[in-house]
Every structure is written in C-alpha cells, then in structure tokens.
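Okay, so here's just one chain, in structure tokens, the form predicted alone.
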Amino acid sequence: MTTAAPATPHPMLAVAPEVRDALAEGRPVVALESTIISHGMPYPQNVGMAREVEQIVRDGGAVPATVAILHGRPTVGLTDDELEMFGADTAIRKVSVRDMAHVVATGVHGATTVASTMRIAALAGISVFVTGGLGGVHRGAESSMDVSADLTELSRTPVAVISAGVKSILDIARTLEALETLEVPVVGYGTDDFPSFFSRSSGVAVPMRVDTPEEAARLVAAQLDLGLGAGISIANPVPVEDEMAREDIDGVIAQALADADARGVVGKDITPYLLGRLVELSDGRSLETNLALVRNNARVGTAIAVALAALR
C-alpha cells in the first residue's frame, strides 16, 4: 500500500497559499512549531533560527509550514513579518492543545507547542514535523505529576516528529516508558542509543532504528496505512561536532533545576525558564548546540518528507 494524498485542510485553518498548493499537489511539506521561536530561544537568535530553518527546508526540496495561532485562527505557514513578531513579542502565549479553544475563542496570538503543532499539522494534512526536542516526564513527576502533553498527543495524532530526543532537563527513562505504554513508536535515526537533546547519548537504548530517509518514510507510511492512530518519534542525534558531553551538561542542568525550584517556577513556565537558565550557566554553549540540532533535524526531516511524498 501507499499513503493516500492529504485530505483537504480543516476549514478553521488559515493555510498559506504556498502550503495549500503543495498539499493539493502532493508535494512535500514540513511543519515547524512557533513556541521554539517565542519561548525557546532569546531574540534575535530565535528569528534568525526560524528563517534559517525555513530556508533549509526549501533547499531540501520541501515547503516549510511554520504553525501558530494568529488573531485566534490556527495558521499554517507564516510570513517573514509574522516570524519577526513571534520572536520579538514577549507577550505571545504559549499554547498547547488544552489552550487552543480558549485562544481561538478570544482571538489572540498563540505560539504552538509540539502537541498543538502536531494537532494543527494533522488537520492540515501534513505528516512530517520538525522540532528541537520533545517534552516528556519531568524529573520528580512521581510527586508533581508534571508530564508533557506532547506524549499524549503522540499517542493520538498520526504525525512523524523529528527531534533530537527528549529535552535532557527531563526524566528520559521514564519518558520512554510512558511512550511505550502509549504505543508510540520511538525510532533512532542512525543510532541505537536514544539521544538526550544536547548530547548524542542518554544511555537508554531505542527500541527501533532506521538509517536512511527512505527507511524512515516507509515506516511513516506503514504507520499511516495501518491506521494505528499514533504518531512516531524519530530521534535524530545532534551532530558529533556540536554536542555537549553529558558530564558537562548534567551539572549545569542540576543547577538550573535547583534555581527553578528556589524560584517556584512550575507548569508550562518551567521549560522556557530552564532553557534560558542553561544558556546563562553554560556561557551560551547550550544555545549554540540548540541551534545546531534544530538545523540538523530540519535537514533530516526534510529528506524524510521528500521520500514520503515519493511514496504517495
């Protein structure tokens, strides 16, 4: 079997003409999130990153579709001015699936997380989504119950998510246990070891592996054709030359977590706080690695999207 052509985008979406045309013609499209712009990196590096990643997708033969909520309307494909706004405006809300209806009803702007970007991408008919790192089970979740909605969304929305693994500020082993329970395929791209965002290794094995865009595309097509319902986590390690050694990053993360606890930072504010604090504590090294892994994910995700379009 081959995957059917994408369905007509949901009528509540605003889809950029370039993206709409590509979807109608069965050409490859790559979804990108907006929270990584608004809440994942400092300005102006965030806007520069967003523009660069869109260009990487174009250079790889696909159409970029950055997802956000504009004036209460889920939007697939942003203009350059809109990318600038999402990077510069510090008041834009961070929006997961839980928040979407309220943001739409109140007509405000929202930067979409992994979970909400997945949902909107699926409504648009996009099967491949590139991000930096996944959310997951937070350290201490056995008492805080802090588990990212990204995991729930992966269990119910059939979109392949290319990331550099789970953010290393999280409990990686418990996150992978949760994904197994949720029946989400976790696949290493060219690796047998699940990457930990800043580092290539977490010390936890991946249950499956693919080594080429074509192998990954066949896996995505099979998941869609079988109607299994879940998405796929494709874990792509940061390039060797850009990684931070685990022994270097672990101490920095421990300090950032202690600082967050002392300040009482909780809920959806904790990840942006920790990522920002890591930049300070690592003298900017974590930001350089973050930028490098996003670029790498964009290259790999684009290649997978191109290979998947060829199967349709």
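Computed from a prediction, not measured in an experiment: that's the story for all the values here. So that there is no doubt, residue numbering starts at 1 and follows the sequence shown.
Note that the form predicted in complex with ligand PSU isn't included here; everything after this is about it.
- Using a 4.5 Å heavy atom cutoff, T35, T271 and L275 all lie near ligand PSU in the predicted bound form.
- Considering ligand PSU in the predicted bound form, the lone stretch of 202-210, 80-88, 113-121, 188-196 in range is 113-121 [heavy atom distance within 4.5 Å].
- Using a 4.5 Å cutoff between non-hydrogen atoms, G133 counts as a contact of ligand PSU in the predicted bound form.
- Using a 4.5 angstroms threshold between heavy atoms, L219 stays clear of ligand PSU in the predicted bound form.
- The closest heavy atom approach of R174 to ligand PSU in the predicted bound form falls outside 4.5 Å.
- At the 4.5 Å threshold, heavy atoms of H109 stay clear of ligand PSU in the predicted bound form, well away from it.
- Interface residue among A149, A141, L182, M100, judged by heavy atoms within 4.5 Å of ligand PSU in the predicted bound form: A149.
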